[in-house]
Structures are given as C-alpha cells and as structure tokens.
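Heads up, the chain below is alone and in the form predicted alone; it's given as structure tokens.
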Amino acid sequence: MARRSRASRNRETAASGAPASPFIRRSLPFFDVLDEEQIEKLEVQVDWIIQDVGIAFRDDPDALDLWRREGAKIEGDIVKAPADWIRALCAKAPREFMQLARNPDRSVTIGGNNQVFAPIYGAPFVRDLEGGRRYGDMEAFRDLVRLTYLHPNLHHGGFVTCEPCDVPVSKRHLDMLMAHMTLSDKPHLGAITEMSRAQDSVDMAEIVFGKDVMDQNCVIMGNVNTNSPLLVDKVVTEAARVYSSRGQGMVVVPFILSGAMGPVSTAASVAQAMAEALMVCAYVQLLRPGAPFVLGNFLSSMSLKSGAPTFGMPEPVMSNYAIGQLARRAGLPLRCGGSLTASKIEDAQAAYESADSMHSTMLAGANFVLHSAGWLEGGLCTGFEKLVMDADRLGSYQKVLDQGLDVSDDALARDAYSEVAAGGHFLGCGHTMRNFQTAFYEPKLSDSENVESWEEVGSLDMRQRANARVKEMLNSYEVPPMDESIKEELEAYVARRKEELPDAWY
C-alpha cells in the first residue's frame, strides 16, 4: 500500500467552513473535595483489590500469557500483582499527549490542565422534533458527524454518535469511519467491538496520516469498558493489542452501576473503578511502554426500587470529584462525566440532571469528556436538539475554565470611573465600547428578550429554537477539504473490506 510523506498528508487548511474549535487550556483550579487521609484510604482500598482480590482477564489466553511471563500471580483467569509494580507500570503512560487531527489546527491535547469535549457515544436511537424517537441510521449518523464538526464547543468527534442500524453490524464501522474521516477534520475514535474492526480503524487512520506520522503520534483512540465487577474481557485486551501496540491511544472506562456492578457505597465503587482501570493501564504498558492511556470512570447511582440508572444525582457527582483527585495522583489523563440524564426529552429534568453532571465534570478536571452533548434516556438515545443545546452550554464552561476571573488593568476599568459620574451609567463609556463584544458569553439558544419580543417571533421554546438551529447548521455545512488521493484510497479500502466481510446483523 503506497504511503505519502508526513508533509503531503498534513497539507490541510483551516478554511473549512467550521469555526476554529481548539481544546480547552484550563486555568481554573481543580475542585479537590477529599483531604489527604480520605485519598490515602481510597488508595489503600485500590491496592488491596489489585493485590488481594485480583482482576479477571477472561477469554483471552494471550493476555494471561503476557501477565504470566511478566511475573503476575495467576489463579484461573484472576490476575493479582503487587500494587507498587502496577503503579510503576502505569507511571510509564504519558500525563498528557496530543491526538492529531487531519486538520492540524484541530489537534487536541489530552491530559494535564487540558479539557476536550466530545459528543454522546453508543446510542441505538435518535430523536428530533419532526421524526420523534427512532432507530439510528446512516443518514442520522452522518448528520450528527456534520453537527459535531460544525460546533465550535465540541473539540472531538467521538465515534458512535448513534448506531446506524440500517447497515450490517459487520460492516457499519467502515461507513462510520469513512464519515468521520471525510465529513469532519476533527480527531475521532475508532471501532473496538471486534479485533478486526479495531484493525480496520488503525489501517484507515494510517491511510489518512501516513505510516511515518502514525509511528510517532497518536492519531486515533479506542474507547472500551471493563466488564465490571472486576472483569476485563477480550474486547478490551484485543483492542489494546491493536491500538496500544501501534502506539495509539486507549480510553478504558469501568462502567459501574453502584449496587449492581459495584457496591452500593460510592467510595467502594470509586476504588473498584480505579483498580480495574489501573490494571488495564498496566497491561497496556506491558504491550508498549509509553502508549497513551486515558483512565475512565462512569459511575451511576440507581433506583433501588426499579434498578434503573439515575443521573445528575449527588453520588455520581461526588465520584467525579474523587476520581479526578485519584487520577491526578496516578499521573493519568481522566475521562468521566458528561451531560447525562435519564429524561426522555429535552425537558426540565434533562436540564437539571445534565447541568449537575456536566458542572461536576468540569470542576473535577476530566481531560476527555465523552457524552458532553446529545445524551438522552440514560444513553439509549441521541437527541438532535439536545446535542446543540448541550454544546451551547459548553461554551459557558469553556469561558469559566480557560479564562477564569480577569483582573488585568483593563478589566479593573479605572478609566471608566473618570468618565462616569455617581448615579450615571457605563453603557456608552470608552471601556464598555472597547470590550462589549467579548465581555459576556452569549448563548445562541437562550432567549433573554422581553415577553413581547418573544411572542412576536412565535413564542418558541428552547427545543423549537434548537430544532431551527440544527437545520440552519446542516444547511450551511460544507465538506472540509481532503486530499483526493487519500479519499480514493479510503474508498478502495472500504470497498475491499466490505467484499471480504459477510453481512451480519448481530
């Protein structure tokens, strides 16, 4: 397969029709809620799980063989290891790393004081005002990729913004990758559900970036869940062998419904999540020292009456803060939280739950945030209106995070007091005129006009305004430029793989 040089492949331009959307360089201090004694108690619990309880690595003999060769204690498929050795392995992972985008102006740095927002991941259904709730399809998927590309407050494309259920499971990852790689020039994730699909993702990324660039940089990542409690299955370990062995990123997230996949107490579930993620991080470093790794935590409370997950509740909010402190102590980039809700539509419940969940995500310092926009129905549904509503609010978080409180000489506005007498107003003074365009964040979807003005334009509520915004964005969409020879090579790869793969719907 022919490979072009790094220079020729990175000759993309920023003139793509979408506004620049760099990642967030955080200046706001982290919100650390745990004292040293509490942190140490949690870390002792984490180490106890790693050393004395162990983590199962199931259905993958190659993974167990690697652990065995390196000296871990194996009991059946349970792996136990000295916690100091596991933490030393994890220390080989970078505290921060860059994921390249095919448009270099959109590359993101994950870890450290940086935060990256990506949309919902994994929903089988979509919803909008006209079409209602329905299974996702390829048309909806492509529109969601376009919207994510266009929105300046979403820095990363994610991957499964919805499941395109009209395409066979065995082949849909190829169409999804093609959409991300051609309809957007932001960074994105790859497939993980089967080892060959992960390999397709890495191979297609190599077509876009070239082997020389990929050998030295992270250009794609896989996002996987451990099978809590205390189980790492072959989906995780095989994906790691594909991505990590190639020097690409792995995001590993224990998904713990407290009271079901973890103890009902938040502290125990947080410690379990850390133990599971650290063991996978150590495995990744055994595969390739220095491979990029993002430690995840997706902890949800549940209704103990029905068993349904609940979101925006105090327990997962507290888990975000705790996991943030633990991840920074471990020296690892963090993924947690998002704009999460159990609500079925964009109503008051969705707003309250999403705001509480996302606000704690922001303060906790999550470096990579999947589900930051579009999440409905406990993650079963992607809302088109919800996507742009959430992303609109992400702009306010970004201003808080990367600007904080400006106390410069201009911000203190001493000259304004020489113009405005006591009892006067500042509306027309020089300081106001210099700063009025950037002084306040102005959400595009909020209506702050008087009621008469609101009624004159149809008394539209937020969902209706968001629906109009979706249509406006899609109507303005222009495909970002791409080297035609790269696109042709991608198309040929997809066509060949589709010929090789039988249709399978499960």
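Each residue number is its position in the shown sequence, starting from 1. As the structure is a computational prediction, the values presented were derived from the model and not from experiment.
What follows is about the form predicted together with another copy of the chain, which we do not show.
Of the candidate stretches 395 to 403, 67 to 75, 114 to 122, 151 to 159, only 395 to 403 has residues with heavy atoms within 4.5 Å of another copy of the chain in the predicted complex. The candidate spot formed by Val44, Pro229 and Met318 is fully in contact with another copy of the chain in the predicted complex: every one of the three has a heavy atom within 4.5 Å.
When you look in the predicted complex, the only residue of Glu238, Glu163, Asp200, Asp356 with a non-hydrogen atom within 4.5 Å of another copy of the chain is Asp356. Proximity to another copy of the chain in the predicted complex, defined as a heavy atom within 4.5 Å, singles out one entry of Met98, Leu89, Ala351, Ala330, which is Ala351. Using a 4.5 angstroms threshold between heavy atoms, Gly262 counts as touching another copy of the chain in the predicted complex.
Among residues of the shown chain, Ser303 is one whose heavy atoms approach another copy of the chain to within 4.5 Å in the predicted complex.
Interface membership of Glu377, defined by any non-hydrogen atom within 4.5 Å of another copy of the chain in the predicted complex, is confirmed.
For the chain shown alone, Pro187 is not a contact residue for another copy of the chain in the predicted complex, no non-hydrogen atom being within 4.5 angstroms. Residues are counted as partner-facing when one of their heavy atoms sits within 4.5 Å of another copy of the chain in the predicted complex; in 330 to 353 these are Ala342, Ser343, Lys344, Ile345, Glu346, Asp347, Ala348, Gln349, Ala351, Tyr352, Glu353, in sequence order.
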